Structure formats: C-alpha cells, structure tokens
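Two separate entries follow, structure 1 and structure 2, each one form of the same protein chain as structure tokens.
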Structure 1
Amino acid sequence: MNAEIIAVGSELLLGQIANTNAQFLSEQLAMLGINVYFHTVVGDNPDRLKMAVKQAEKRADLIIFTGGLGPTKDDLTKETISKILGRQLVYDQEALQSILDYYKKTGRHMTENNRKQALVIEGSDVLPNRQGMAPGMLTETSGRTYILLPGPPFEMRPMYLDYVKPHLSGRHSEQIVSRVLKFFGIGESALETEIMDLIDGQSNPTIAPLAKESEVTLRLTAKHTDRLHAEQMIDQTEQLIKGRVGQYFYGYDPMTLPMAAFYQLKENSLTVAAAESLTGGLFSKQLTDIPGASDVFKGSIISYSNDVKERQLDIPASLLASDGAVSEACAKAMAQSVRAKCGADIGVSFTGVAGPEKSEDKDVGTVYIGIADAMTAYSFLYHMNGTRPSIRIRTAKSGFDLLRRYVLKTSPFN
C-alpha cells in the first residue's frame, strides 16, 4: 500500500505553523509497513486542492488529508473531496447533537456555521472527534482509500490512533522497521565513502545518510512481515557499518552526545566539572538539561575574561602572557583547576576563538579542549569552520565526545 499525505491550510504555506501532522502520520504508517512517498501541502483553495488530489490518485492508493474540516468559509476539504468523489454532504446526527450539546452546556451562543462541522461525505465511515467538534471520515472507492482528519494535532492524533490505525492494521501485514545510528567526528561525505559499496548494494535494508549540526546519522530501514526478522536484517547491516566506521558511533536516536557522556559518567560513578571560556556555559547548560545531572555534574566556572581565569581558576598571569588564553597550556591548567576546585573526578575546559575576528593572533575556529583527572591533563586542538554560534555548538559537542571517550578509554585515551 502506497500512501500520500495532503495537509490543507494556508497557514502551513505561510510558515505560521509547522506540519507536525505529516511527521506523526508518516511515522505511524511506517510502523504498519505502508509506504509514504509524498507529502503535499495545499492552501485553502478548492481548485489547487483538486489538482493535488488528482495527482495523488495517480501514485497512491491511500490518501490522508489533515485540516479544512472546521466551520469557516476557508475550511473546504470535505466539500472538495465530496465533489471529486461525486457524493453529497449530509449531516451526521451524532456529530450535530454533540455540537449542540457543547454549546448548551457551556452557555455560549452557537453561530449557524458551526453546523457545517457535522457535515460528512455520504456513505463514509464517520470517525468521532472526542477532542473537538468536526468528525473525521473514511471512505473507500475504486480500490482507493480516502481519510479526512482534523488539522489540530490534539484532535488528529487520537482520532488516528483510535479509529484509523486499527482499520489499516487489519489490511496490511508487512512492517517497516527503522533504526537510526548516530556518529560524531566524521563528515557525511567521509562516512559515505567508507560504506559506499553498502549503500550502492542496498535493497532491503536500505541505508540513508543525513548530516545535521556537525553530526551524521544513518537510518537503516528493513521491511518484512515478521518484525523480528526485520530487526535481524538491520542488525546484520549495522555490524557491517560498525566494522568500517564504528569508532565514530556513539548511540541510537534519540540519544544525544550530552546524554551519551552523562550515561557513561553515571555508569562508572564519575563526576565532572567544567571551565568554560568561548562556550560561555553552553556545555554546562546542555548537561544540566538532562534529568539527574546532579549525579555526575559538580559545577562550572565561566571564565570568559583573563582576569577571571586568574582570580577564579588560579591560572598564572605568566602563562597567559607567554602562551595566551587560547593555548594547550591554558586548556590543561583550566581543566586541572576546575576539577580540584569543584571536587570532581574529571575536569573539562574550553578555550578558543569563536569569532568573528581573530584573538591573540589565532584564527577564528581555533579551539582547545582540556580534559584532566587527578594524575594527567590532556589538551586537544581543533580547527573549526562556520559561524560563531556553530563553532560554539560544535565545541560543546566535541567536549561531550571527548568526555565519553575518556570514560570508555577509547581513542585518543587508549
């Protein structure tokens, strides 16, 4: 079964709201093994909606609409679909009574156009709306299924789960199983080069790379009637990939680098403290966003200026004068100092040039990250490209990656 999702609403095209309905429906349909090949967004215009439906009918046997079922003049979805199908709109008495009861109960005046929400396509299966007024509809004709759902997500989602999903589940046995692998420290093109033969030879499972905010993800997708068998197919492909680029792998979606570092610290009963210069507290903020961060995080010192580095972290003025704040020596000293001052097992530090101009005659993107324990201090030099915000974000991510690697005793700490 191939599906197309058509979202109706000019507010989507204007960017006033995001089309989260399509994301939800695609995810749900994938669980049932239903292919979604197209998302379409159409404004509140019956002619353009008709064009979109005619196009969808050429490539899909399941068309799901969201939006355009409300009481106003620009809510034209069911009117348009009823004309395409050659059917009348009729009142659903249960839906109409529910609307009347609502206004009676709340004591509000009901305008006549609210009756419009109780109109349904003749001969369709009516899907009750427990969260709102406009019911949904499901109708089948000429081997094709049309499903009309309300636009507000808090109405659409329960309607799909309560009525649409059971209906579709009974008709389709094949399942699609996906797994997202996350990598850091390797670019999309480099990762793709390492596994190009696997991508070229893919059929089932499929491999789809995606780059996002200095990370790379691989989505592995398998299709089979038996979910366990599909999982095993993905397992085999994952092992092949890890054999090539496993040193950059850090977890599965929805894992993040801060979470990966947090779980490693917690599992090994270790604590960390941070000394932040160019990141300005970003590392500490991302770590403390995680519930339970107090189990592993002792605290931080944001030493943005050299005098704070001297006064709060006891960085010698002579070191700052000879090596500079953006240096290997300063990164090590910051990490050692914050570890001791906060009573942590590990200290991590960030110093560098986020831009937009050079500092200490160092180029924009020059970054040092320090890691220290009670015995040893390390410093790692990075040359990062991008805007000031992107350099700061990547620096914090690199810190989390180094931290988890330190705990795991993997490269560069093994």
Structure 2
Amino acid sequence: MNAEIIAVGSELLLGQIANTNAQFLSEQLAMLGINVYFHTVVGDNPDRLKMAVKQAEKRADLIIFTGGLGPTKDDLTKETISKILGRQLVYDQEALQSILDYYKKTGRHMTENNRKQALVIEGSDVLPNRQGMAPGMLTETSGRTYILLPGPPFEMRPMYLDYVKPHLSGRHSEQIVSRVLKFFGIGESALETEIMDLIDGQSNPTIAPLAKESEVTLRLTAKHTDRLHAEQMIDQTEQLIKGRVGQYFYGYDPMTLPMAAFYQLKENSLTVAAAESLTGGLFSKQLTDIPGASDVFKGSIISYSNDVKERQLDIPASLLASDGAVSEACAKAMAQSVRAKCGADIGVSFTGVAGPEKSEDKDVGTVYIGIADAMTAYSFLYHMNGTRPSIRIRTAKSGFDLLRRYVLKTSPFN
C-alpha cells in the first residue's frame, strides 16, 4: 500500500509553522508497513489543492489530508474533495450537536460559520474530534482511501490513533519492526564504509544511516508476517553491525548520550560533579534536563574566568601560568578539584577554545576533557572542527560518552 500525505494550509507555505503532522503520520504509517513516497503541502486554494489531489491519485492508494476543516472561509479541504469525488456535503447530526453543546456549556456566542464544521462528505465514515469541533472523514472509492484530518496537531494525533490507525492496521497481515541504533565517535561515511557490504546485501532488514549533530544512527527495518520473527531478523543484523562498529554504539533511539551516562551512573550508584570552562554550563544543563538527575548529579563549578578557576577550583596560578588553562594539567586539576569540592565520586572537566577567537595561542577547537576519581585523573585531547556552538555541543557529548565508558570500564578506561 502506498500513501501520500497532503497538508493544506497557507500558514505552512508562509513558514509560520513546520509540517510536523506529516512527520507524525509518516512515522505512524512506517510502523504499519505502509510506504509513504511523497509529502505535499498546498495552500488554501481549491485549484491548487485539486491539482495536488489529481497528482496523488496517480501514485497512491491512500491519501491523507491534514488541515482545512475549520470554520473560516479559507478552510476548503472537504469542499474540494467532495467535488472531486462527486459527492454532496451533508450535516452530521452528532457533530452539529456537539458544537451546539460546546457553546451552550461555555456560554460563548456561536457565530454562524461554526455550523460549517459539522458538514461532512456524504457516505463517509465520520471520525469524532475529541479535542475540537471539526470531525474527520474516511471514505473509500474505486479502491482508493481518502482520509481527512484536522490541522491542529493536538486534534489530529488522537483522531489518527483512535480511529485511523485501527482501521489501517486491520488491513495488514505484514508486520513492520524498526529499531534505531545510535553511535558516537565515528563519522557517517566511515561507519558506512565499515558496513557497506551489509547495506548493499540486505533488503530485509533494510539498513538506513543518518548523521545528526556529530552522531550517526542506523535504522534497521524488517518486514514479516510474524512480529517476533521480524524482531529476530533485526537482532541478527544488529549483531553483524556490532561486530564491525560495536565500540561506537551507545544505545537505541530515543536514548541520548546524557541519558546513557545518567543510567550508567545511577545503576552503579555513582555521583558526578563538573568543572566547566568552554562548555559554560551546557554539560550540567543537559544532565539536569533529565528528571531525577539529582540522583547522580551533585553540582558544578563553571570556571569561565581564570579568576574563578583559582578562587573556586584552587587551580594554582603557577599551573595557569606554566601550562595555561587549556592544558592536560589544568583539565586533570579541574576534575580532581570539583570532585572533592562537591563531594562526588567522579569529577569531569571541560577546558578548551570554543572560538570564535584563539585563546592562549591555542587553535579554536582544541579541547581537553578531564575525568577524575579518588585514585586517578585522566585527560583527553581533541581537535574539533566547526563553529562555536557545534564545538560546545560535541565537547559536552564527548564528556557524556567518556563518563559512560568510565563506568562501563571500556576503552579508553580498560
């Protein structure tokens, strides 16, 4: 089954909002094994909408529309589709009643155009709207399914999940299982080169790489009538992949690097404190984005000035003078000091040059990350490329990855 998603609304073409409805529906349809080959966005214009529908009818047997079901004059999706299908618009009594009830209950004045929302395409299944007034519609004709959903995501999503998904699921005997593997510390092209033969050789499961913010993900997707069997097919492919690049794997989507580090720390009842210089709070912010962070996080000292490095982290002025703040010695001392001062098991430190200017004659992108426990202090040197924000983001991610590896006692801590 091939689907096409048509979003109707000039606000999308003006860039006022992003088409997150298409993302949601695509993800949902992918889970059902329904191929989506095109998204189209078209404005509140009957002729151009008709053009988009005619085009979609040539290549899809399921067309899902979002938007254009509201009360205003420029809401014209059902008007246009009903004409294309040669059907009338008729009042749905249930929808009309719930509109009248709403105005009665809230005591607000009902303008006449609100009645328009109860009009539906004759002969279609009416999909109730729990979050708003405009109902959706589902109708099948000449082997093709047309589904009309409202535009606001908080109305569209529950309507899809409650009515459309069960309808579409019933049709498919084939199960689609997806799993996303996340990697850090290897580039997209290097990873792809390592597993090129697997990508080329396999059609079920498929392997789809995607690079995002210094990370690489692989989406494995298997189809089989038996869900468990599809899972096993993915397991096998995952093992093959991990045999090649397992040292960079850190978790499955929606796992993030901060979460991976958090879970490792929590599981091992370890706490951490951070001394942040170039990251300026980013590491701590990302760790405390996680509810329950206080189980593993004691606190941090953001030593953005050398002054604070001396006063709050007791970094000797002599060390700052001899080695500089961006140095192995300073990274180790910062990690050791913040660990002791905040009473944590592990100290992690970040010092480097985020740019745009050089610092201490060190190039932009020079970064030291320190890790210290009661016994040992480690320091790791990086040369990063990119802009100030991307260097900061990659530095924080590297810190979480090191922390995770420290707790797991894997490379470089083994």
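Please read all numbers here as calculations on a predicted model, not as lab measurements. Rigid core: the largest C-alpha set superposing within 1.5 Å between the two forms. Each residue is numbered by where it sits in the sequence of structure 1, with counting from 1.
- Between the two chain copies, the one drawn from the form predicted together with a further copy of the same chain is structure 2.
- Remark: with the core as the superposition reference, the CA shift of Ala317 between structure 1 and structure 2 stays below 2 Å.
- Here Met255 does not count as shifted, since its C-alpha moves by less than 2 Å between structure 1 and structure 2 after the core is aligned.
- The Cα position of Leu100 differs by 2 Å or more between structure 1 and structure 2 after fitting on the rigid core.
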